[in-house]
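Take a look at this single chain in structure tokens; it is the form predicted alone.
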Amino acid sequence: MQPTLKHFINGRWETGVTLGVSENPSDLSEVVAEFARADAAQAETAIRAAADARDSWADSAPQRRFDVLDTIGSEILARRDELGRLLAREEGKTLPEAVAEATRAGQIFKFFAGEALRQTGERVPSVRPGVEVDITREPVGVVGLIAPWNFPLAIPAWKIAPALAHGNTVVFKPAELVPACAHALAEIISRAGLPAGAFNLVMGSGRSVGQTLVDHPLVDAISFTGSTSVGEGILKAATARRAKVQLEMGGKNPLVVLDDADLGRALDCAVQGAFYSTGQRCTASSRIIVTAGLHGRFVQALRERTQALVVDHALKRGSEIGPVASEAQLAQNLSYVELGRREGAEWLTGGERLQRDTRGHYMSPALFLAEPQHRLAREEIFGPVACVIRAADYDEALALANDTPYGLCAGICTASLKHATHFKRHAQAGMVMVNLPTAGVDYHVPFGGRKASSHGPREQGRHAAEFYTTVKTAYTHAS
């Protein structure tokens, strides 16, 4: 039996009040981990530990912060294969994707190690003679970080690393589907030289641990990635007590394919964006909008490419798509396939539960022809389900792309500089891709969207400082 994974609170490993189990979605006979689950009281203990450590870490020298974050990043990169294998077993990403995610997590910590040394400020003269004005950034304080299951190393990294780099203390609540990934990351962080209480891992449900973080008066800021419905509840509760809130939520991202697009490149963008990572990405391109001149050829070729995708065990060589992460998510995906059929979308391929050598949550990627009003084309599914929508021309394609309550990412495939430039300016999304998949972003630049997809300052890159710091303006009279 593997040892039970524990919480990390105030510099110590602690058991919980109940136990949970993490299963391998590729092989349900394998238990990946047994883990401690906290209640509200244990979450509050972690919050108070972070509050007690707040001043000492906020006052730490930039070099110390660099050393801590650089140490974390170096160990993640050195262990990327091991961590990637754990991720593949627990979440279901194919092994190459999982190792790439572990690599990205290490790179994120390395980047923010550098940011710790790049703390900047401004000194400007006042409009009043003899007065100087200093503008500086200070840590927000205690931050509660609530991460999802679909990127169990990278998303925690891009929350934890900037929080620590800018002098905040952290209480981290991972998704219950991926406790082993969270624990592995916390174990690395625990040995990096932080003061006790500066970083805390608390595993448990959103109803107990998550809600305690959202409601507690000692938590100065909440960063959440997850569903739109949960995010909206967090926003109401946390802002009611004037906490700072950052939300990354849903997406129903369009990929526009114009008549002049390179067919091979457009197909690569559609397949990778819609189906890789089993479609379990908020940036997935689940709405593929194709103009009339290319529509027929594109749909036929996309159907063939979709049917040829290899769905199998995440660790099996040659697997292109792993299992869905959970039975609940698989049931939701299959329900949308049935909904698409009932509402009149034309089924092209896929959408079936699959049997493989091991019992797991396997599903063939589903492709439909849909109309803009179909729920299949409007609601986030978060699985390998995509639809193609026909547009007469570029203008209609742009209008369809923007006809969504979400605004995370939008893509276009075209050889036209005119249309690409216009789309970059007029797509109502926080991120735009030209001749690239909508899913797949760099770690050193801002990440975030518009409308119902995001709230608050951007994540990642130098723009992360907008959330994890507060601005102070100080006046001095030289007397």
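A residue's number is simply how far along the shown sequence it sits, counting from 1. Note that the structure is a prediction, hence the values are computed from the model and not measured.
The next section is about a form of this same protein that is not shown, the form predicted together with a small molecule.
- Shown alone, this chain has one stretch from 37 to 45, 24 to 32, 435 to 443, 66 to 74 that lies within 4.5 Å of the small molecule in the predicted complex by heavy atoms: 435 to 443.
- Taking a 4.5 Å heavy atom cutoff to the small molecule in the predicted complex, the contact residue among Phe199, Trp158, Phe368, Phe275 is Trp158.
- Listed residues Asn150, Ser286, Ser223, Asn168 were compared with the small molecule in the predicted complex; Asn150 is the one with a heavy atom within 4.5 Å.
- Contact check for Phe423: no non-hydrogen atom falls within 4.5 Å of the small molecule in the predicted complex.
- Contact check for His216: every heavy atom lies farther than 4.5 Å from the small molecule in the predicted complex.
- In the predicted complex, the small molecule sits within 4.5 Å of a heavy atom belonging to Phe447.
- Taking the partner from the other structure, the small molecule in the predicted complex has no heavy atom within 4.5 Å of any heavy atom of Lys244.
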